[in-house]
Structures are given as structure tokens and as C-alpha cells.
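What follows is one chain in C-alpha cells, specifically the form predicted on its own.
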């Protein structure tokens, strides 16, 4: 059944004459008559009494008329809703970001970008661990991914279908709560006593966990470490470290305020830091106009932000 048949049906109801309705619909009368007949064949009976002039509806036509009107109304409403949704989707910038960067880096980075460029699009952000963010990108549910990057740590996005740009720098460092009344760490990777140092570690879904595993930073620290707590959320591990529960590696972007306040201290010297990048990933396939404008603005930006 063609929706045009319903429009023909209602045009004939309104006009009362095949010739007038055909003219209104912009087709020849024979073609119009064939389409009305096709609708009647689909319904299974005549809808018009052709012996009267103007033509009138048969009992079947009277029953069918409100159905045709409601069906067309719903179709038009659905079409407009779909078009509106399509326009909204085209005007939305969809980001995925690892949880730590969604809290620390993303808001000021976006604000600085918007200060340089004019973006009228709505911004949607999905914050999750790295494994979930990769799946969001692979399924095409986000246009951009903001995450930490180290060349030694593999990612699904380090492949031909994707490209990336550095947008900032950061570094990972071991942190601990301080000894009460002192500025020395409660736990240190240089600890040489026989008691294992409680380690607050990242789970396998975490991008930072991948970087630490790839660089062997934890294993090569020299301390006797005993895993005491695991999470994929850097903010949770930092909170546990702040509470004196153990030693944690964390990005400077997340712990800078704690270090300044003294609620956390470095557990080792800067030589133990791991330099990492903050990168913005996208699919190589062409994106919506707002997304392409944002990418051009990022690519044309001068330098990267420090962490």
C-alpha cells in the first residue's frame, strides 16, 4: 500500500470529481483513477459510489475515511519528528571520555576551544572506562574520544579506521597520604621493609591500567607491593589513597589539587613519573559538519594543554 493512495483518496473525498482531484494531485485522470482502484483492491471493496455526481463514499469508504486521515496524520507527524531528530543529531557533538579526563581536562579544554571558535551544536558526553569508551567509538555512538595515550599501550583505536591528535600532556605518578604531621608519604614504592606496601591498582578495563602494565611502572618500582584494592576509576583510587589505604598511581591532572593542599604527597621523585599524552580520536569517515568544524579547530590550534 502506497501512502500516495491515501492522499488520492482524501483528495477525491474533498473534490468529489475524479478530474478535479487528479488536477489537485498533479497527475492525469486515468493515472489517478488507476491509483484509486489500486487502493480499493488493497482494501477489498469499492470505496466510492461512482454512479453519483459528485462521487460519494460507500459504507466501506465512510469507515475507511477516518483511518486514512489518522494514518496520514501519524505519518506526517512521524516524518517531522524523524527530521527533527535527524537535525538534532547532526547538530550534536558526541564525545566519549575516560572518567578522569571528563572531570579534569574536558571542561576547560572545551571552554577554551569554544572561546576560539563559534560552535552552536549541543555537546553530549559519555564518561566511562577506556574499554567502554572504545566500544562506544567502534559502534559509532560517539564522534570523538578523549583519553590518555602512551605508545607502549595498545588500543583498538590505534588502527587504520581511526585517527587522532594530541591535545594535551599529563603524567602518571605514585601518590600516598602523608604521614600524620609530616610531608613524607605514608606508603612508598621505595619501601624496603618486609611488610608489603598496599597497592591501589587499576583493573584491566582502565586505560591508565593498560599504560602502567605496558610500561611496567609498578613491577619496576622496587617495592614489595600487595594488591589491596582494585578499580577502573582513577578518582576512586585517589580517594582511597587520600584515606590512607595504600599507594596509587594517578594522573597529575587528577591529583594536582590534592598535592597542593597536602592531602596527598608524591610517593617517589619526579624521575618515576610516566609522561603521557592526552589525545582526541575520531573515525576517518567524514562526520557531521559541526564535528568536522571542531576537528579543524583542534587541528588548527596552537600547541597542547599541559596536565
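Positions refer to the first chain, counted from 1. This one's a predicted model, so the numbers in the text were calculated from it and none came from an experiment. If you superpose the two forms and keep the largest set of C-alpha atoms that fall within 1.5 Å, you have the rigid core.
From this point on, the text means the form predicted together with the DNA, which you will not see here.
The closest heavy atom approach of residue 63 to the DNA in the model of the complex falls outside 4.5 Å. Using a 4.5 angstroms threshold between heavy atoms, residue 266 stays clear of the DNA in the model of the complex. At the 4.5 Å threshold, heavy atoms of residue 293 stay clear of the DNA in the model of the complex, well away from it. Interface residue remark: residue 27 is counted as part of the site for the DNA in the model of the complex, having a heavy atom within 4.5 Å. Taken together, the three residues 16, 19 and 34 all come within 4.5 Å of the DNA in the model of the complex, as judged by their closest heavy atom. In short, of 266 to 274, 63 to 71, 245 to 253, 45 to 53 it is 45 to 53 that has heavy atoms within 4.5 Å of the DNA in the model of the complex. Residues from 243 to 269 do not approach the DNA in the model of the complex: none has a non-hydrogen atom within 4.5 Å of it. Relative to the superposed rigid core, residue 294 undergoes a CA displacement smaller than 2 Å between this form and the one not shown. In a rigid-core overlay of the protein, residue 11 has its C-alpha displaced by at least 2 Å between this form and the one not shown. After superposing the rigid core, the Cα of residue 27 is displaced by 2 Å or more between this form and the one not shown.
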